[in-house]
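Quick heads-up: it's one chain on its own, the form predicted on its own, in structure tokens.
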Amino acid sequence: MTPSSTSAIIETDLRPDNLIVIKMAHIKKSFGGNKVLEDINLLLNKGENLVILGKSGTGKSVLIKCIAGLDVPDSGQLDILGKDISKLNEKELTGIHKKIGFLFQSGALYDSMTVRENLEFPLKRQQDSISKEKLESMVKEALLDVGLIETIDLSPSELSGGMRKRLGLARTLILRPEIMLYDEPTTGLDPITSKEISNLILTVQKKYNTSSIIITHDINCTRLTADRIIVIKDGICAAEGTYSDLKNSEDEWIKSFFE
């Protein structure tokens, strides 16, 4: 297979709509005079791990923030779970965003809360009438998923960087999102812990059938987790393919990511 522009994929894809969970068509985003996303076209398929590569400052994080609702595209069409988000009212948009989990680089944890309280917080915010027993069950299951059940009464400040990352993932998973967005999930971690996080992403994909976009500079994380890869350059999706496709590309710029 020859790596190709994802613009063509948008135009010719024949998969049923219910197998496409995100579609971005001609998305543009600027900040002042700085054009970050010039013409982004991509699809995320149901159950797929899509890795996005690109040099620093190419708009990778901006792209997933647009999906999460943290930024708004200037133009273009963004469909999430079959809905054009520009046509949704506030209540409908909130409903869509509840189905998206976002793992921030920092983990976005509250150090003033225990591990247990960090996991209870999003559940209580979304489910006013959840029982104490159900809350306890869901918290323990989320911690078991990431191998942190023994930390339940600790504070995040007592955890290692890798453990904090796993806790951030547990707090995201506890809401059972259909779509996961990972922003540099292995940044700042040693190689062994990075591999553990990458394997955890695969475990989450298999157990919950999540559809995920993973932003990373970590080529080992890419190799382990990617079903498909898109490379962004100058604000567009410049190449697309599997890990093997892109690693063996004749384009020296694309190959440079895999060296």
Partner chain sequence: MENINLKPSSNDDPGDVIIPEIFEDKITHSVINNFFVEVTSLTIFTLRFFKELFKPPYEFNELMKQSFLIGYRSLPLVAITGFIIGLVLTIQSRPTLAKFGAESWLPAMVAVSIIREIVPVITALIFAGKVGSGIGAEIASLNVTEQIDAMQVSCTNPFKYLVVTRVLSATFMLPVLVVFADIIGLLGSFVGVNIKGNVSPYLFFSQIFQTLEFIDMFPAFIKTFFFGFAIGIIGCYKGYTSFKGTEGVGKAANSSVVFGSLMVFIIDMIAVQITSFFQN
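Quantities reported herein were computed from a predicted structural model and do not represent experimental measurements. Positions refer to the first chain, counted from 1.
Although it is not shown, the form predicted together with its partner chain is what the next lines describe.
> Would G69, I100 and D111 all count as contacting its partner chain in the predicted complex, using a 4.5 Å heavy atom cut-off?
Verified in the predicted complex; spot residues all in contact, yes.
> Identify, from the list S137, S75, T94, S86, the residue with a heavy atom within 4.5 Å of its partner chain in the predicted complex.
It is T94 that has a heavy atom within 4.5 Å of the partner.
> Find out whether any non-hydrogen atom of E90 is located within 4.5 angstroms of its partner chain in the predicted complex, and reply yes or no.
So E90 counts as contacting its partner chain.
> Answer with yes or no whether P122 is in contact with its partner chain in the predicted complex, where contact means some heavy atom within 4.5 Å.
Contact check for P122: yes, within 4.5 Å of its partner chain in the predicted complex.
> Heavy atoms within 4.5 Å of its partner chain in the predicted complex: does Q126 have any?
Result yes; Q126 sits at the interface with its partner chain in the predicted complex.
> Hey, in the predicted complex, is R228 touching its partner chain, heavy atoms inside 4.5 Å?
Flag for R228 set to no.
> Taking 4.5 angstroms as the heavy atom distance cut-off, pick the stretch from 141 to 149, 185 to 193, 113 to 121, 77 to 85 that is near its partner chain in the predicted complex.
Partner-contacting stretch among the options: 113 to 121.
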